[in-house]
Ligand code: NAD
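So this first bit is one chain, no partners, the form predicted alone, shown in structure tokens.
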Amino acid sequence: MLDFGMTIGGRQVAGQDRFAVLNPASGEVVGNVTNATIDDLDQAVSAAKDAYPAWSALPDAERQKAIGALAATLEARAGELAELLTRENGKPLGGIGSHFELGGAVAWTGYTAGLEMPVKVLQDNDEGRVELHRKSLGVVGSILPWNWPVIIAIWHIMPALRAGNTVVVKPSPFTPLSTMLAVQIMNEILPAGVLNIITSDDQGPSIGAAMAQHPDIRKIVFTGSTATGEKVMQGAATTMKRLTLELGGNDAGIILPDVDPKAIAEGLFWGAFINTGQTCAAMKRMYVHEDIHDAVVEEFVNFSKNMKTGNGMDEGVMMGPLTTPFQHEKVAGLVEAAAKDGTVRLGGKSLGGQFHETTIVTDLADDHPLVTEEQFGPTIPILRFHDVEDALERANASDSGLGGSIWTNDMDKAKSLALRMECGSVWINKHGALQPNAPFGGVKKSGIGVEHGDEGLMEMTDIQVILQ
């Protein structure tokens, strides 16, 4: 059993109280970690604030080199990190699981190291010269979710460091261990105080809320539910913090009648059920043209039923448990209600503990909770449509707007429909495939701001204009 302390100012800090982190597949204790106090948070912020002047003053090329070194050291320890991630999160070690997540974390780190922040000349003529400069903010606070705890930490941390900021990270109490180990590894390279991590079970004084209100944190990056994002935004208002909020999604996929149902079955499966469906940008609603509805359902079921559910450490497992007890309870409740009102084509039952069968349901009304709520688990409703305009209207009838997809062989039609979807990202003949050079963020209640690429890097900066 592991016993991790927080990393503050380059040192391991044990704290006074501890809480246990459980394996969602077995219920066994994976490790114990520090339960931070508000004083611990203040120390972490002070360490980051003290480290900021030197880190931000480094020549740009030196920061790039340091972040490149972080990619190399994370890659060298990826196997160790992946195994710890599976034990605390439940996702499979192989397949599109923990090794996949660590590979993405390394790739994103390396890509971010190479990003540039050039001075932009807005005017240079007889009337004068105007330059736009990007300047670091100071201390950035990162609040992480439990579904992709390592790669999302990288999404938060690396652009902040690249821009010259220092960072305080708070992981989810359900999955802190892999992030804590990653921070320890990175502190072998980074100067003391540049990257700090605090942990809390969220049962006592809210460390997340205190971060949102902390006067010495200049920006909060938060990934999680819309309801919690609203609270972060409210807390940040008193200090006018910068915010990047990547919040919940209820992504729709629209399948047009010209596709081959068998050819798209695998793409539909991973678009909906990657990480056992516990992904913000996973497909949560599937609208299928009536001419191919039955064939798509049949092929989707045939592919899905062969994907093994079990302990992520076991060979051949592709679907793990739900990571948290409350998420299992939510999914089980939504599926139970859907079984009464629709037709269960696959699955439909809890498997005990925090495991749930992969479940596909048809014949539900558009106002059914399985359609209107973000289920965040291994279940999806499939809905018929006759007219593509109707499908588009129904897909857009949501307060969420994170991602969406169009499935067709007609690329011109796909792009035309994509531009009319009310969401931040639209994929064609795939779903949820993020990449480091493509900005990612939501519209409506799915968030504010973007991550990744040049645009994500710039969100970690303030603009200063020099006019001469």
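Counting begins at 1, following the sequence as shown. In this text, all values refer to a predicted model and were calculated from it rather than measured experimentally.
Although not depicted, the form predicted in complex with the ligand is the subject of the following passage.
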All of D202, G208 and L402 within 4.5 Å of the ligand in the predicted complex, heavy atom check: yes
Heavy atoms within 4.5 Å of the ligand in the predicted complex: does S172 have any? yes
Report whether the minimum heavy atom distance between A272 and the ligand in the predicted complex is within 4.5 Å. no
State yes or no: in the predicted complex, is some non-hydrogen atom of N165 no more than 4.5 angstroms from a non-hydrogen atom of the ligand? no
I'd like to know whether V183 contacts the ligand in the predicted complex, with contact meaning heavy atoms within 4.5 angstroms. no
Which of these residues, V296, I254, L144, V317, gets a heavy atom within 4.5 Å of the ligand in the predicted complex? L144
Among H328, R394, H99, K231, just one has a heavy atom within 4.5 Å of the ligand in the predicted complex, namely K231
So if I measure heavy atom distances to the ligand in the predicted complex, which of the stretches 87-95, 306-314, 381-389, 246-254 falls within 4.5 Å? 246-254
Scan 372-408 and note down the residues that get a heavy atom within 4.5 Å of the ligand in the predicted complex; none is a fine answer too. E374, F376, L402
